[in-house]
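Below you will find one chain, with nothing else, as C-alpha cells; this is the form predicted alone, and questions on how it binds or moves follow later.
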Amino acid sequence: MRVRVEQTALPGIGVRHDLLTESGRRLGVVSHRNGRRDLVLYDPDDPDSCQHDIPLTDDEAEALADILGASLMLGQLSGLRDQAAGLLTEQIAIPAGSKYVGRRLGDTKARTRTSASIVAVLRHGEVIASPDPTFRFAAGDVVVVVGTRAGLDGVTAILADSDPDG
C-alpha cells in the first residue's frame, strides 16, 4: 500500500504535511517558516478537529525523523510538488450575516464537507495560524483556504450561509 501524503502551503506560516494511516488515523506535521514544528493528531471522528498538538524542538524533530527513517521519506516527499498542482489558495471574508459569526470553526465541518482546509484567519491585521476547531469567527474575519476550486467554492457557500437552521 502506498502512503498518501498531502502537502498544504500555509501562506505566511509554512507548510503542513498530513497522512492517513492504514488504521484510519490522520496525523500531520506543521513546519513553520520560523523553524518551529508541530506534530498534530486529528480526531478520528472529525478530521477538522485536532486532538493533540505537540510542539517539537529541532533536536526532538530530528530524533523523531531518525526513528521513522526520514531518509526513506525524502524520496517520496520530493514528488509532492507535482501532485499539488491542482490546489488553490483563496481568502474568503466572513459576511456579517453569516450564521457562523460567533460560532466555532469546528461547527462548519468545512474540511469534512468540502475537502478544503482553513489554514489561517486574518483578523484586524493579525494572522491566526492553524486555527483549532474551538476558534470562534467574527464578522469581517478573512479565512485563508486551501483546496480545489470546488472545495473553495464549497467553503465560500458554507461561510455565506445566513440560515441559522441550515
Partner chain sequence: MHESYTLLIEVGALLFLLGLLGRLSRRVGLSPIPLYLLAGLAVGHGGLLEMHASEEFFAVGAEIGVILLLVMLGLEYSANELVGNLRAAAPAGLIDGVLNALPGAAFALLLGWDWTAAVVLAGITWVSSSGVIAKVLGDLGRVGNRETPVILSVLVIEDLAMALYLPLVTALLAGVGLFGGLKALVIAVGTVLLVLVVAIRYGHLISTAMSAKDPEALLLGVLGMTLLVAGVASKLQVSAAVGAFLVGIALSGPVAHHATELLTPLRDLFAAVFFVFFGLVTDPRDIPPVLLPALALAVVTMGTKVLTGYLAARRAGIAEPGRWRAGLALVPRGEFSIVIAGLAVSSGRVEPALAALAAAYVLITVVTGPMLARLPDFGWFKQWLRRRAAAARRMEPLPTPD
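Residue numbers count along the first chain shown, from 1. Quantities reported herein were computed from a predicted structural model and do not represent experimental measurements. In this text, rigid core is short for the largest set of C-alphas that superpose within 1.5 Å between two forms.
From this point on, the text means the form predicted in complex with its partner chain, which you will not see here.
Note on the partner interface in the predicted bound form: the residue among I13, I158, L152, V144 having a heavy atom within 4.5 angstroms of its partner chain is I13. R26 is the sole member of R103, R26, R123, K109 with a non-hydrogen atom lying within 4.5 angstroms of its partner chain in the predicted bound form. Though the partner is left out of this view, C50 does reach within 4.5 Å of its partner chain in the predicted bound form, counting heavy atoms only. Using a 4.5 Å cutoff between non-hydrogen atoms, F137 does not count as a contact of its partner chain in the predicted bound form. In the predicted bound form, no heavy atom of L56 sits within 4.5 Å of its partner chain. The closest heavy atom approach of V119 to its partner chain in the predicted bound form falls outside 4.5 Å. Segments offered: 95-103, 57-65, 32-40, 123-131. Contacting its partner chain in the predicted bound form at heavy atom distances within 4.5 Å is 32-40. A movement of the C-alpha atom of L105 falling short of 2 angstroms is seen between the shown form and the other one when the two forms are aligned on their rigid core.
Remark: with the core as the superposition reference, the CA shift of C50 between the shown form and the other one reaches 2 Å or more. Relative to the superposed rigid core, the position of the CA of T134 differs between the shown form and the other one by less than 2 Å. With a change of no less than 3 Å, the CA-CA distance between R37 and I92 is larger in the predicted bound form than in the form shown.
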